[in-house]
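Given as structure tokens, the chain that follows is alone and in the form predicted on its own.
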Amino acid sequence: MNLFASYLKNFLKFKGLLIQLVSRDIKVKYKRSILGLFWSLLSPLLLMIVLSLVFSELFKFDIENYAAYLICGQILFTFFSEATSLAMTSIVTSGQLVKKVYIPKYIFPLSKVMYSFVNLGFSLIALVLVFIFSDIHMKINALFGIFSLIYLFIFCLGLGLILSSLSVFFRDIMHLYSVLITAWMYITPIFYPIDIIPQKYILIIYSNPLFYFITYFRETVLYGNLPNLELNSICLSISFTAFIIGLFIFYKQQDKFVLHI
């Protein structure tokens, strides 16, 4: 409890800095960009169009409203990939600041996850446009989709804390993670239905945390179903387990960061 109380106290004290870091990342990303924030809307749409043409036509997946099915998984995985990748390098890239002034070090991976979450918000506009174009009427149960995003945010933060700690001591993990993310994408049902997976490989899908977050999001937003207790329990367990482990590892290693940055 003392650990959580300490983190909460520092969070409230440095929340202004956290907002500035997130704001800075947004400004840097779109600096000198003609389309600016519009890219966060356009990018998922363009990627969805390409993937829809490739997978729905070449592989003939029998999925109703395939474009909507695809973008639901795509924007969540893009958030996960960006959030964890940026969080992983956040301590190393902020080395000079970490050495010179006292700042709670978890602020850096947290700011990256929050920045990616802002980008996800813009991507949701693209999702709404796809739904409108596909003549899909959202039900009131779609509001429960926010819980899947919260679960995923917590999971990304936990994993980001772990990765940011490890990357300080083992820089090769930054290169290995890019390979892992690619493999992770293919074992996540983003552009294919789960029923095409052979039974002998289905355990791999069920062992993938992102499968549950994306399933939750699709069930609520795309299909308008109420999330059941089992799915909520799984997502809650996965996200908070990752967060607690990440917090513990980060807390144990943070005092050594200045010696290895």
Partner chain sequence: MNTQVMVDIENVSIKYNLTSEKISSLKEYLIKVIKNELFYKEFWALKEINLKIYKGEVFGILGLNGAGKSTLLKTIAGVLKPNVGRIRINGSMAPLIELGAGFDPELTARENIFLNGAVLGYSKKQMIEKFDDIVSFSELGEFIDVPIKNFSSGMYARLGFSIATSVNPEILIVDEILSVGDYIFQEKCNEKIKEMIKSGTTVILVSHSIDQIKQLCHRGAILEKGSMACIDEINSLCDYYYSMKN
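Numbering follows the first chain given and starts at 1. Just so you know, these numbers come straight off a predicted model, no measurement behind them.
Beyond the structure shown, there is the form predicted in complex with its partner chain, which is absent from this document and is the topic of what follows.
K.L.:
Quick one: does Leu259 come within 4.5 Å of its partner chain in the predicted bound form, counting heavy atoms only?
P.N.:
Looking in the predicted bound form, residue contacts with its partner chain include Leu259, since a heavy atom lies within 4.5 Å.
K.L.:
Does Phe243 reach its partner chain in the predicted bound form, with heavy atoms at most 4.5 Å apart?
P.N.:
Result no; Phe243 lies far from its partner chain in the predicted bound form.
K.L.:
Residue-level contact is defined here as any heavy atom of the residue lying within 4.5 Å of its partner chain in the predicted bound form; does Tyr186 satisfy this criterion?
P.N.:
Tyr186 lies outside the contact set for its partner chain.
K.L.:
Going by a heavy atom distance of 4.5 Å, is Leu203 a contact of its partner chain in the predicted bound form?
P.N.:
Output for Leu203 is no: heavy atoms all beyond 4.5 Å of its partner chain.
K.L.:
Could you spot which one of Ile125, Ile132, Leu143, Leu176 gets a heavy atom to within 4.5 Å of its partner chain in the predicted bound form?
P.N.:
Going through each option in turn, the one that passes is Leu176.
K.L.:
Go through 154-162, 91-99, 178-186, 68-76 and give me the stretch that gets within 4.5 Å of its partner chain in the predicted bound form, heavy atoms only.
P.N.:
Of the options, only 91-99 has residues within 4.5 Å of the partner.
K.L.:
Hey, which residues along 136-151 are within 4.5 angstroms of its partner chain in the predicted bound form, non-hydrogen atoms only?
P.N.:
Sequence-ordered list is empty.
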